[in-house]
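In the form predicted alone, a lone chain appears below as structure tokens.
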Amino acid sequence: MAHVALHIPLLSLTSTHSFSTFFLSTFAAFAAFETASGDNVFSASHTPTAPVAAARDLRYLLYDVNPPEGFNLRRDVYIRMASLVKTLRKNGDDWVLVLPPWGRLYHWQSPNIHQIRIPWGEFFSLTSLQANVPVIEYEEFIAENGGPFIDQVLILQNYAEGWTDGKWEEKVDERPCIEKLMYSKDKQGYYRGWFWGYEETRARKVTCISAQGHASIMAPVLQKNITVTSVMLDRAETLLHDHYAGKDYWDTRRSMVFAKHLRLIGDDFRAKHLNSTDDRDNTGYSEDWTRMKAKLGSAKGGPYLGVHLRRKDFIWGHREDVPTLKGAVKKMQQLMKKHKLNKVFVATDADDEELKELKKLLPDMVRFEPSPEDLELFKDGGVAIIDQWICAHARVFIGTSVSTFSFRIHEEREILGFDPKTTYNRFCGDSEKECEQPTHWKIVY
């Protein structure tokens, strides 16, 4: 049982909601998906048939994570927040998840490119996300909410004293802030902060919460202790998955369909440079993730080895289980020989010097290298997705130990129906004695 002992002063605020045509249609589509079994919400001819109920008071859940966290860990936190919204909605409240704009991430270092305030629609299919849980972009929230105001920010943190008597239990309490606040009060008494690069955004109230448990532990807090319209959970990565690797997890993960233009770019690259197409590779893909159910082992994959070789911070942060370039190339060549492959696609964050060395050691290496114009269009996040999409379609894939970039490729290949033996492989450190391979998290429908 969760221990909830919150005494948060409630803001006495009322808010009227003026729904835009866009959001009503989105919400109707979601309602139709939930209630009309067999309807295909992805069909261009589909018209929602479920009546839109008289608008009740919507409540908005926003969230953010620790600034240093990367793109693929943030995708994982989205799954946790989607699960929380599902829990809230099961209890009868109309909660909508507000998607935090992308930007200013560690790996997004391309110069002269504007990479803040990026909406999710540039990277993922919103239609697909909405077929799983109601979501809106942040700018839609501003429009619906009547301005860039967030009623309450809850900063999640661990317990200062750690586990009591060495025993772990789920609990939530309002506590003094452990770290220095990343928010400051302005002259009007509002709180200013990063807020995804939206300088005009401000919060009415900021409170620190010590939380230890799964995402759903916050449901009673949001329903019983807080009555405001919009709540933001900062440091949302503090919360654990409710149903890791279960059906709810996979439903949300499968709904995270990459934006179509990025998939098409990846498919075009596969066809031109890797002799790879869905027809030949048995990797057919459905726009409607709810109807896609590939049999495990049915995917053949393109005639190339897919590689994710993480460098930079991993070289010193994970010295024992990250190989030298020579060690990595040796492993690639072994796999290519074993599986009779003569092409290798490499996704890597190696710097220019290492790339030159890698090219010398592996002359036939293929990489996706966007033009300056394409990079401006796709941004670093889009290029990462294209890399993942190409790796996901390889005959065999090998990734980097404990890398969330590699984990997401594992999941994509699981969705496509690859044999686990071709997916769950990782590089070993040159002197690593026990090289444990990644766990197979089997998809659940």
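A quick note: this is a predicted structure, and the numbers were derived from the prediction, not measured. Residue positions are given as counts along the sequence shown, with the first one as 1.
If you look for the form predicted together with a small molecule, you will not find it shown, but the lines that follow are about it.
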- Location of the small molecule contact in the predicted bound form, chosen stretch of 328-336, 178-186, 347-355, 132-140 [non-hydrogen atom, 4.5 Å]: 347-355
- Task: Check whether T227 has any heavy atom within 4.5 Å of a heavy atom of the small molecule in the predicted bound form, and answer yes or no.
- Result: no
- Task: Mark S110 yes when one of its heavy atoms lies within 4.5 Å of a heavy atom of the small molecule in the predicted bound form, and no otherwise.
- Result: no
- Query: Is Y249 close enough to touch the small molecule in the predicted bound form, meaning at least one heavy atom pair within 4.5 Å?
  - Reply: no
- Query: With the cut-off set at 4.5 Å between non-hydrogen atoms, does V402 touch the small molecule in the predicted bound form?
  - Reply: yes
- Message: Please identify the residue among R310, R253, R202, R80 with any heavy atom within 4.5 Å of the small molecule in the predicted bound form.
- Response: R310
- Would you kindly say which of F195, W95, F71, F124 lies with a heavy atom within 4.5 Å of the small molecule in the predicted bound form? F71
